[in-house]
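Take a look at this single chain, the form predicted on its own, given in structure tokens.
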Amino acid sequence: MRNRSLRIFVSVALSIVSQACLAQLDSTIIDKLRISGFFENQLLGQVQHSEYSMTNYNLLRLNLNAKIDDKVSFFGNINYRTFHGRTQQNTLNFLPKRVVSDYINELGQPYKEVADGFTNPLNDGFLFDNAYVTIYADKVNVRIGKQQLPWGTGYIWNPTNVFQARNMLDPTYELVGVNAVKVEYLLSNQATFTGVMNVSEQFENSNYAIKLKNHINGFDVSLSHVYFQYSTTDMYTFTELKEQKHQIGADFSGSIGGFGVYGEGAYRMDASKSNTTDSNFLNALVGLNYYFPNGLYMFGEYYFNQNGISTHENYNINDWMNYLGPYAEGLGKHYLFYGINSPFGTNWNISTFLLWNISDGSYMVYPRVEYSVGNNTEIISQLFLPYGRHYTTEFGSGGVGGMIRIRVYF
């Protein structure tokens, strides 16, 4: 009986101690953890090949931000998204009919059998955009986990950034983070050295990058080197083509006479011993912007893509599929982007953008209206108006579309 009573006493005592410890721990966590986020609903409609489609999604995002102590912090966000309307997207429906027809004829297979391999479902579910720990030291910061790697100075193109590619028709939207280890070392008050490793299946195929950034005579200037795996897909043989490449990059930003000037460029070279100049190419851009006293903002970019194609008549299925892939270098060689933004009152913001493929003569105009409802709610509407003399051009092949998005922050 005594032993049984002792066991009961010890069990109760341990329970009380554990509950007290958990309460203290919960209190500590609650004191350090900051929760924020937003709810977003977007409706997208488009006419493609005389067929109208609509896709709608709901997105709930929770941001978790915690300063563990003076040396360690954590940030992450959890997204949950549900899709409605057309939730099956077939890539072939967005390509020129001539390109698809030539592809089907080359394969010699029924259209439906080929098309089934290009169907991409939009699935409901959870997604981590970011989840990383940052460790602070005297002159060194180390960030580990899924994170943003915002390299480059361009607004719509970033040739120096092989880790993330922007959506050219919505370049300011948040990007999914990259799983990486990033080390930043402060060389001086104005100079920083950055190293990045993005792990692949094999150590030798992982991506490595270093960058040296400095402030010189009013300009921020960076030099970088990246060793990475450049992947493309041959849609005729259904094989993935992987090449190890070296990339030498540079970017700058500053102002001259009240005008903002910026630019970046990247020269990519085949890292194999059988290196040929045919596999080496340059991507570069230069940009200019200006703020008027009344708040009007104008900017423009010229982009050169040496790996692009001179005429739309030579676009094939591989060009289109790799254009929709992770690097999004563009189909043509020469591009021009122009934007103008003007605030109206305290709640309205109106913009118009022009994206022009100079090589094939096609362009996209997309006006955008933003309205703020109070301090925590914004409504954005945007049209997509493609133009091109030939349906096989980059933007002439697209259909008219529109988007409306509402976001509520909390």
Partner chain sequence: MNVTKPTFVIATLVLTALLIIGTGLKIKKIVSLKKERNMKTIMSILLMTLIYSSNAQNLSLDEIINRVEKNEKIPSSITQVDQTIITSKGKSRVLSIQGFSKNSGDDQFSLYTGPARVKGDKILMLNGGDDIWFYTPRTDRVRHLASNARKQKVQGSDFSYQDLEQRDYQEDFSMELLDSEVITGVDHYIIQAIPTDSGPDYAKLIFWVNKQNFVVSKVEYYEEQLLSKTLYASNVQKVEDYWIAMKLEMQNNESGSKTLLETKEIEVNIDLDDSRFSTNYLKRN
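Numbering follows the first chain given and starts at 1. Computed from a predicted model, the values in this text were never measured in an experiment.
Omitted from view is the form predicted in complex with its partner chain, to which the following refers.
- Task: Consider the chain as shown here, without its partner, and state which of 281, 128, 259, 83 has a heavy atom within 4.5 Å of its partner chain in the predicted bound form.
- Result: Looking at 281, 128, 259, 83 one by one, just 259 meets the 4.5 Å heavy-atom criterion.
- Task: Heavy atom within 4.5 Å of its partner chain in the predicted bound form: which of 167, 237, 188, 123 fits that? Just give me the one.
- Result: Of the candidates 167, 237, 188, 123, 188 is the one lying within 4.5 Å of its partner chain in the predicted bound form.
- Query: Taking the shortest heavy atom distance, is residue 338 within 4.5 Å of its partner chain in the predicted bound form?
  - Reply: Contact check for residue 338: no, nothing within 4.5 Å of its partner chain in the predicted bound form.
- Message: Considering non-hydrogen atoms and a 4.5 Å limit, does its partner chain approach residue 346 in the predicted bound form?
- Response: Judged by the heavy-atom cut-off of 4.5 Å, residue 346 is in contact with its partner chain in the predicted bound form.
- Spell out, yes or no, whether the shortest heavy atom distance between residue 201 and its partner chain in the predicted bound form is within 4.5 Å. Although its partner chain is absent here, residue 201 would stay clear of it in the predicted bound form, with no heavy atoms inside 4.5 Å.
- May I ask you to state whether residue 220 is within 4.5 Å of its partner chain in the predicted bound form, using heavy atom distances? Contact with its partner chain, yes.
- Query: Using a 4.5 Å heavy atom cut-off, which stretch among 97-105, 226-234, 132-140, 306-314 contacts its partner chain in the predicted bound form?
  - Reply: Stretch 132-140 is the one.
- Item | Three-residue site 70, 154 and 410 fully in contact with its partner chain in the predicted bound form at 4.5 Å by heavy atom | Yes, all three are in contact.
- Task: Let me know which residues along 289-308 have a heavy atom within 4.5 Å of its partner chain in the predicted bound form, or say none if there are none.
- Result: In sequence order, 289, 290, 291, 292, 293, 295, 297 come within 4.5 Å of the partner.
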